[in-house]
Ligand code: UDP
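Consider the single chain below, provided in structure tokens and representing the form predicted on its own.
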């Protein structure tokens, strides 16, 4: 059996939205098509956000509910996205395993090293939902955690910006894109592409993270073949 590069792909929940911010399967179908093209040389684990349905830190405040409850609802949103993603992945002829950090046997498998290893052996696409199962942890932190559990070679963070900047490019027109960033720089300058817990965990375990615009045409093909595409944190 050929050895494939293991990738943890972190996706924004916005991949389930069209340009008008309405639910749509088209953007994610394009991503899955690219996964299929890369499947002979790469094996993917996927952590997807739930912001297209509910953002715990934002919508929880709007509703006036406890922070922990808002986070739990956000984790449920990632499980909804996980179900959608699994169905769309299988429609394109790929095998997928859906894992749930919040016990839901009717939806997906419990996360353990045994179930992860079994899915890797079966050459499945591993979809991790339900966050870490605990409030106060972001999906970025969850992506690093699951990357460690599946033994991923690198983490690909597909977002709606084209890399890491020294300031927020949405609010500062003079922000400069950084092609390569050390974890010390990212942590000390608190660059907002990931939360500090995710930075610390990735740094501790020496995991390289590639950050890129997932909405660029053939973004996954580009990040697989062009080391200059996006930004690299290492």
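Note that the structure is a prediction, hence the values are computed from the model and not measured. Residue numbers count along the first chain shown, from 1.
Same protein, other form: the form predicted together with uridine-5'-diphosphate, not shown, and the subject of what follows.
For the three marked residues, 51, 54 and 137, a heavy atom of each sits within 4.5 Å of uridine-5'-diphosphate in the predicted complex. In the predicted complex, at least one heavy atom of residue 13 sits within 4.5 Å of a heavy atom of uridine-5'-diphosphate. For residue 104, no non-hydrogen atom is located within 4.5 Å of uridine-5'-diphosphate in the predicted complex, even though that partner is not displayed. Within 4.5 Å of some heavy atom of uridine-5'-diphosphate in the predicted complex lies at least one heavy atom of residue 132. Taking non-hydrogen atoms only, residue 127 never approaches uridine-5'-diphosphate to within 4.5 angstroms in the predicted complex. A single residue from the set 108, 82, 163, 74 has any heavy atom within 4.5 angstroms of uridine-5'-diphosphate in the predicted complex; that residue is 74. This chain is displayed without uridine-5'-diphosphate, yet in the predicted complex the stretch 5 to 13 from 209 to 217, 5 to 13, 19 to 27, 222 to 230 comes within 4.5 Å of it by heavy atoms.
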